[in-house]
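Single chain ahead, by itself, as structure tokens, in the form predicted on its own.
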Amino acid sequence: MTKNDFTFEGRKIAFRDGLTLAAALEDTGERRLRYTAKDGQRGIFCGMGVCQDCLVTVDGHPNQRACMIRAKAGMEVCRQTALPALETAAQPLETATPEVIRVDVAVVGGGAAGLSAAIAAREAGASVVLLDERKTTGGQYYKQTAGDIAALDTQQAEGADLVRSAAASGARILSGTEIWGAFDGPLLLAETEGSAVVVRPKALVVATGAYERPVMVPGWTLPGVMTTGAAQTLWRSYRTTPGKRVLICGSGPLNAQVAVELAKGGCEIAAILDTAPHPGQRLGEAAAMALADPKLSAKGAMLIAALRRRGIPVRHKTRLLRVDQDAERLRAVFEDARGRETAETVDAVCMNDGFQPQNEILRLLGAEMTYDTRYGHLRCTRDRAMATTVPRLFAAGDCAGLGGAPAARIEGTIAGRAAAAFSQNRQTVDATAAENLALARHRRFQDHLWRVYDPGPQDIDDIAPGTMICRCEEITLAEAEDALNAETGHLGTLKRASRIGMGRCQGRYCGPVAARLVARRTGRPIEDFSFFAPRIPIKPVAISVILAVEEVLGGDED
């Protein structure tokens, strides 16, 4: 075996330094990573550890997320079945004593908001630890490169500068660290490289960002169908493309950006399918965007020009209907505003239909949430210092409600400074006048931007009855509706009757749809408790880590 290869299903896979298993396998065209209980095939979908669908068995250890694990020479990797063989079951559990970190401020999330919060807290004199689940810190917006790959553009370069500033500030950065439990105190339970970590901060800043909302159609669970952000991660972080010919669908500026980036990487973009009308029909909003942020508006105009220059077709008021397996490729069928159906045969279908805040930690700790009907997601209640309704808990960035990266950086700075003041028993410092003005400007820009696109969730009436809405438990919309017919009530009754939301991803994708189903059936408005309650562990964790933490907490009276 050469220095840089591993085996997958007995076949040698060569890889470049820094690649994840998912990126290395995608590089060779290997997309089928596991089989479900109903013989369904799954591959990379979210690309950020949320969906739990790229599970493989590595060196006999099942349930390893290929998108989160770095490829290493000599690994033995195989596709995972619904009931993987537990080759390590007879081995004794190692319960090494966990590290206990006591610190002024803990920051969860290594993106624009989290890095900014860590820097601000350190500048205010607080001791800081930043916990980031990604092995390469930078978040989903900056998407830093792996290995020795050079920065792709100014966006990545800005991210690299922010990461360096956070490291230089003296903040301790723990990359590859998964938070799986959060309790009052605050108290965080985490796992890093198989070892347990207990974090007891005086103040906590949650900056966990958001994940993409998919377009639910028949076939959206097939290998080769992935979020637009997953395709962007493959290219920006690993210089791997999702295929030679790609279709992009949904609504939002990320789709246009990734189309241009993939085209530069050598992909043929079959089309961008956007459910929103042509921007020319909303010129007033475009003008308001330009007034709010001329720089970002100019960037958007350059994207549109790049799409035209490269001949990438953008089909407005067009929605994806289904994706079929076509030998080794995919056949995507879509419908325009006149009801005409068209199909494209492609290697990959990428989808982004808005975002959902990754707010599990905030909800676990009891932070107040309100439902935003326009965006179809929960927003966290905060004051001007980014403090939530829970003492010692601050929230910054998209986890509290979508606002974009520029706003997230400012919110992170405000939250980090305020958390530091609280941890040191000083008066909490609100945002400065300049920060408030900048935030207001960025939020105006985002508001007008999303009026140009289609930010709301997919209409339930647009989801075909046979469409799988719970990809973990493989439950269709029709099955969920039948369960409601049998026992109309709340989300809990639906969950018990159908098992929807009981899979590995804990309802992160099906939960919002299920909440809308119940609301429509009962006539009650959607609120925080309309969604599945986060449950511990909120992310996968080894049993040995849980046992190690129990031993420490059992003798800890604080």
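All values reported here derive from a predicted model rather than from experimental measurement. A residue's number is simply how far along the shown sequence it sits, counting from 1.
Another form exists, predicted in complex with a small molecule; not displayed. Remarks below refer to it.
Colleague: So which of 422, 453, 141, 238 reaches within 4.5 angstroms of the small molecule in the predicted complex, heavy atom to heavy atom?
Modeller: Exactly one listed residue reaches within 4.5 Å, namely 141.
Colleague: Given that the small molecule is left out here, which of 151, 405, 307, 483 has a heavy atom within 4.5 Å of it in the predicted complex?
Modeller: None of the others qualify; the residue that does is 405.
Colleague: Mark residue 110 yes when one of its heavy atoms lies within 4.5 Å of a heavy atom of the small molecule in the predicted complex, and no otherwise.
Modeller: Contact check for residue 110: yes, within 4.5 Å of the small molecule in the predicted complex.
Colleague: At the 4.5 Å heavy atom threshold, is residue 178 in contact with the small molecule in the predicted complex?
Modeller: Close contact exists here: in the predicted complex, residue 178 approaches the small molecule to within 4.5 Å, heavy atoms only.
Colleague: Closest heavy atom of residue 416 to the small molecule in the predicted complex, within 4.5 Å or not?
Modeller: No, residue 416 sits far enough from the small molecule in the predicted complex that none of its heavy atoms falls within 4.5 Å.
Colleague: Does the small molecule come within 4.5 Å of any heavy atom of residue 513 in the predicted complex?
Modeller: Judged by the heavy-atom cut-off of 4.5 Å, residue 513 is well away from the small molecule in the predicted complex.
Colleague: Just one stretch in 210-218, 268-276, 309-317, 281-289 has heavy atoms within 4.5 Å of the small molecule in the predicted complex, so which one is it?
Modeller: Every other range fails; the passing one is 210-218.
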